[in-house]
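For reference, the chain that follows is the form predicted alone, supplied as structure tokens.
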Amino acid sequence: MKKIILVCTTALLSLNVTAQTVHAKVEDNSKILISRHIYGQFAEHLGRSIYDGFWVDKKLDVKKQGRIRLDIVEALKKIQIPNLRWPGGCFADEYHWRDGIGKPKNRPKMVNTHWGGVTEDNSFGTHEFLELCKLLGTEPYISANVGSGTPEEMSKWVEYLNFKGESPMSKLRKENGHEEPFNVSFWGVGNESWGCGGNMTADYYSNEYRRYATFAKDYPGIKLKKIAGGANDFDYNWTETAMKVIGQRMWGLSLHYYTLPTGNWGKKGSATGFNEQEYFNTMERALKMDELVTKHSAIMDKYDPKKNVALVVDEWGIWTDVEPGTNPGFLFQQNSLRDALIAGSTLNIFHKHAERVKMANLAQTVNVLQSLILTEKEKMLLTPTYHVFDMYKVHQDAMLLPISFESPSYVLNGKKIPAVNASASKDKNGVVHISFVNLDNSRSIEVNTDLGNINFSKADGQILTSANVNDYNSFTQPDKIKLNTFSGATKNGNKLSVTLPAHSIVTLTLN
């Protein structure tokens, strides 16, 4: 039996307000693939992401392999993360990979000058990261050091990981316990070179990229997908320069954009203690991702009309003030239902631009920024954002289906934003998935979707919701926001009518 799955993200109606109605149409004419790599994750040496996150004390009473925490591994396997970016971030451009190989007791310590000034013992290095990726069943994405490193250092790291024959680096790898090459394909050539990665100009970095990339070699059996350090949010000149100077010598060009609730890097705003105006302002800024991707893509189209170069949004998410009483350099923040709505909206934007956006990385996976998972000693919880990735995994490597509708506005104090955004796809088995996001905080929205010649007989579903957009899961209430059964969809001929309550996420399966 063919099944059609519909995913809808909205807001739970906390007030008894008459639903607005949206008429949508899905066209079954698949042409563009939604790359699974859009669902990538990011694990930087920052705060409690690696140490006390993925990599724990031997004495901690949790299931682990070596020092890799396995409850985290199992949770991430469930949502099928396609790639994991490491070691940074800003940390990448002060990290020297040879300090993190060999016997742990012989590895030199280092100071993490970017994030808290803490001393690290380098016990988590290249082999440990690749063992983690193996356990996760995910592809590694390594960011090489351009800021304080050399082309030789990156070249030898590639050789160490990817060369099967006889050489000094392959010999060293074998001495460290790994006979066969790791065959790492994704390589970032520096990170945020306009800022913490060296404060370079676009012209200078673009020429440096060409130099570093020249010495990062393809070895038999693996072709490198080199990703150039791209723009900081609205810096369109950086993209123009990179496309002009680097051209198609890169597999992808990165873009970084963080949603700041206040729009201010100083006082960014609370992760949970916000009012509706602050919620509205945050969602307005989150939706800027569509403008950014559209304009950067237009520049890339001038130099690459066939879209051979990927736009790689390898840092995105909401960035708030840290939780009170925690180390400011560790960037630990809670994760509310607001963050889940941001995640759903952003993934829908990436789907819309799937012809150009072929990879992205949420910042970050564990205990840092918009995390999927939070830990406290033996305790672990899944955040609302995690549940969005769980629901949206149906879109990975599915064909994009055009969906059209006119969104009603979410209006607050004279300003307005689109209340609804959406995307649709069909997987290799012919299963159709549709995702709707309703950002309106006080109105439910009825969506009547014309499915054309797509056949189904009934709709079942799940809902992720809570009473307020600033609700969150805590270690005392880890399941305050979780998936529950949803029954608010009805069939009318070839149309599906769904009443989307305020601030919720709904996944429908049409049988």
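Since the structure is predicted, the reported quantities are computational estimates derived from the model, not experimental observations. Numbers for residues come from their place in the sequence shown, where the first is 1.
Another form exists, predicted in complex with ligand AHR; not displayed. Remarks below refer to it.
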item: Touches ligand AHR in the predicted complex: residue 364 (any heavy atom, 4.5 Å); value: yes
item: is_contact(residue 94, ligand AHR) in the predicted complex, heavy atom dist at most 4.5 Å; value: no
item: Residue 50, heavy atom within 4.5 angstroms of ligand AHR in the predicted complex; value: no
item: 4.5 angstroms heavy atom contact with ligand AHR in the predicted complex for residue 54; value: no
item: Segment assignment from 190-198, 205-213, 153-161, 68-76: heavy atom within 4.5 Å of ligand AHR in the predicted complex; value: 190-198
item: Listed residue that, although ligand AHR is not shown, lies within 4.5 Å of it in the predicted complex (heavy atoms), from 274, 258, 410, 129; value: 258
item: Residue among 144, 253, 369, 434 with a heavy atom within 4.5 Å of ligand AHR in the predicted complex; value: 369
item: Stretch 82-111 - residues with a heavy atom within 4.5 Å of ligand AHR in the predicted complex; value: 89, 90
